[in-house]
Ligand code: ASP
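Presented as structure tokens, the chain that follows is alone, the form predicted on its own.
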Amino acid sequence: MTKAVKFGGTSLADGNRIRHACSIVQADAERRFMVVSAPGKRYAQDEKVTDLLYRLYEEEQNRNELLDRIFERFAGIVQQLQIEFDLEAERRKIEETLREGCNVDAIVSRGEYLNARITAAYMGWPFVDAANLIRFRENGRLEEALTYHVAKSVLEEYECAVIPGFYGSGPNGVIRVFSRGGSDVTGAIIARAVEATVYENWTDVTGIMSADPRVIENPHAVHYISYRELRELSYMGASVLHEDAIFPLKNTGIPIRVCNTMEPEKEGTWIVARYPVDRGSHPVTGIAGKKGFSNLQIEMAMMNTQIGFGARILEIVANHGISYEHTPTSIDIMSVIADTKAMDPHRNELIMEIDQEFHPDRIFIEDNMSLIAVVGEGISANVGVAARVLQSIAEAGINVRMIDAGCSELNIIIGVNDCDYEKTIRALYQGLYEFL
């Protein structure tokens, strides 16, 4: 029986927290593969080591000062753990890498690398570099099949190991990183490689909440959540776990357990392929959302008769490097909902290109839209959930700009004005309380 465990940056922010995390690992002999993040914030005004490393790469004139700050953090960790570790040699390596010229990934990955090396030294466990396990394509996407094969082959030789999260290597050994929070993905890859019975993700919250605690005071804790539900909630802003962390485990049946490092006795949240309980009485798992979307709207009589119209609109959007969220349509109207930041640099070109090609009756872009998702595997089997969603919003006097219910009925997406975001979350939580 083997467990893979990953600890987040807050759980490893200083030497004392690392010592505590290691005690959790040592308390269970099945916890044999430990994935480590870079040190996070020790207090509210502190800076994450990864943020300092990004600045180190970008601010050439401040490099000595930033290197001092970074290595002061690690020196404090080494001192608190009371171990021997040659930080000067590691600093020289980073300085040499910067002088020789490198990609940003090679620098920002050093937070995880150093924290894993130090943790391995404290634990007396082998250190295995993620660059030797995880493979990226030249375009930066994970080389999945090769990664699973290589990681499995390498880790078969170890009884236990400490592994840095967040990065791997691309062609010719160049360091590549996941998006921020990507150590969650590393942990899932390692869990798959060692055929773990469970992947434990240790963080600074006691599992996954049914709504954002910054908006809803003391929301319900979620005991079980499916892979599909987690994907939806993570994508829509619930940030406990990286949205891509489920992909390595999706077809393996390996569950994920989200635990609180400061409250290790709590059960936390189990993320599973299939529910072990009936969802009849609690069809809704959670509510999540994001602000800052724009609606590109095209109005044109007889639009439905033009074969390929929608495909061509989306092609124009894609040619500008914009990923769309939703495309609600009617017989003569098509909307493309996308992140405002992605659309902003291209809005004039989009309108001009579409106008020149189709001469629509009207074309415009509206900003300041929030998207809010009500998510639950049990929505499709329970009459009245969708009605309650709309009733709750109407009773709160909120103007709905968009409604999108997927055919799978796993979620219901509501578009509202940014200024109504928090109000909508509260109205939905109150209205759906009995379903949560």
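In this text, residue numbers run from 1 along the sequence as written. Remember, predicted model here, so these are calculated numbers, not experimental data.
Keep in mind that the form predicted together with aspartic acid is missing from the display, and what follows is about it.
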{"query": "is_contact(G182, aspartic acid) in the predicted bound form, heavy atom dist at most 4.5 Å", "finding": "yes"}
{"query": "Exercise: T50 in contact with aspartic acid in the predicted bound form, heavy atom 4.5 Å", "finding": "yes"}
{"query": "Contact test in the predicted bound form: F293 vs aspartic acid, heavy atoms, 4.5 Å", "finding": "no"}
{"query": "4.5 angstroms heavy atom contact with aspartic acid in the predicted bound form for E112", "finding": "yes"}
{"query": "Location of aspartic acid contact in the predicted bound form, chosen stretch of 55-63, 396-404, 373-381, 33-41 [non-hydrogen atom, 4.5 Å]", "finding": "33-41"}
